[in-house]
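Quick heads-up: it's one chain on its own, the form predicted on its own, in structure tokens.
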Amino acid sequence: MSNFERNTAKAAQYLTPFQTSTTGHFIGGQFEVPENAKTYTNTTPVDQSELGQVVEGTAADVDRACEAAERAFADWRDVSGAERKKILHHFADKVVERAEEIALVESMDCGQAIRFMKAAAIRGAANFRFFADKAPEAANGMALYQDDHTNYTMRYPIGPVGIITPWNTPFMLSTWKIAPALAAGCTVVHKPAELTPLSAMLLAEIAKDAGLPDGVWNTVNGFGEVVGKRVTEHPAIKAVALVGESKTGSHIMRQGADTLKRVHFELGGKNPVIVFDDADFERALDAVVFMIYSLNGQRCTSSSRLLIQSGIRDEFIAALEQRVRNLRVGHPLDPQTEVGPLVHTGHFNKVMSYMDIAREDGATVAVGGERRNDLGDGNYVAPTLFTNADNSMRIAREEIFGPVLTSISFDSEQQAIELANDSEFGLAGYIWTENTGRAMRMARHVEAGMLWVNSENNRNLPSPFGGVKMSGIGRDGGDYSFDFYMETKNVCIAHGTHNVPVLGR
């Protein structure tokens, strides 16, 4: 039996429970399918076949989840950091035990190649371990000594929080948001993406199995217009963390305004990768290909704009065209697959619409630009490269969110900066040059929350993660996550030596 055949057989085994019963909610420590609940059909992008029925959550379902999180908060808040560390490490152990199941289910649910989903499951466990280790210090503050007073600060969890996660790498991104919230002492109401609900329910199962107290973790399935909206409006929810589209962030800000919710948004991007003439040619080529065509191009930090200096443009584009043609598109459970099907037919149609837009605007479709009809009924698109583009075109300004790269040439360092910054987005950027001074200048002037120099996206968990402009608000990672999920209290203690002002004596 080949590895592909083995993966297919194991995936069928793991998917059977979802296909033979309705996927509901996890509220107050119990899995439930509400009586007379409406459901919708979850399909796989591999061939449009059904993966089962999922409950279409209501505002009343969200209310019950928020109330459960509110009831559980005081007890979870008062659990010591050392005990939360122990529980969250146990959670991570359970993730590792089920890593194969998580990866196979997620590949079939969202279409990502299994080579990436295996790593994503382990990354999810690493997220929990990292924040578990930080739980004992989460409440720590700082001391500020003065001659007559000493100020010190302490942190405490903000309360129940709403976590709204996307469909591109749903398991890993859920852990990235939920792990620090739990480590901080918050309780959680999780709204997973309606297109990819399955791994969220595996997470809920692990939460139950790992011994999290009832109500600490709650999951409500359904659509953003109902479930997401109510999570952001409910008065028990003190903060909302979203990974999603920029327009969704705007909606959430409006919906949470009446209750003055704290928000953290990781939103869209049109991230530039800037390759100078003096770059390490092969390493830059590897990174350019990896950072747009891995994960099907459905990654917020994908470098979807290639800014290539004119001195190496022709040589680099020729090599890039060959690499894009060589990419292996196929079934996500095939270990050889590098690009799988896009998550949903609606998103597939959106990505495909940019092929005509590119031609209308005068760009060249150098590679790809078509559906892979030879792969059946799945949402397979040929990896695509646009050349002869400029920064005014829609393919250079709008987030396509697929295996599609737009190439634009530049002459000078200043022109590269202007092109990079001529965008409403500012999530990430990538700079390839052997000139250290230039790298430092570019790092200062490129408008983005994160920059990598001579590297692809290499994540460092203690470092801040987030964007500027329409790419988001706030930062994740290390202590930055605790700044979001916790309040800071200042305490000022007098030494008994200062003069107290006197009135009316």
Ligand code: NAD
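In this text the structure is predicted, and so the values were computed from the model without any measurement. Start at 1 with the first residue shown and count on from there.
Not pictured, yet referred to below: the form predicted together with ligand NAD.
With a 4.5 Å cutoff on heavy atoms, E266 counts as touching ligand NAD in the model of the complex. Taking the partner from elsewhere, T175 is found to have every heavy atom lying beyond 4.5 Å of ligand NAD in the model of the complex. When ligand NAD is considered in the model of the complex, E194 lines it closely, a heavy atom lying within 4.5 Å. The closest heavy atom approach of K229 to ligand NAD in the model of the complex falls within 4.5 Å. Of the candidate stretches 211-219, 242-250, 128-136, 100-108, only 242-250 has residues with heavy atoms within 4.5 Å of ligand NAD in the model of the complex.
Q255 is the sole member of T345, N421, N388, Q255 with a non-hydrogen atom lying within 4.5 angstroms of ligand NAD in the model of the complex. A heavy atom within 4.5 Å of ligand NAD in the model of the complex is found for exactly one of Y380, F410, F73, W167: W167.
Using a 4.5 Å cut-off on any heavy atom, none of the residues of 37-52 reaches ligand NAD in the model of the complex.
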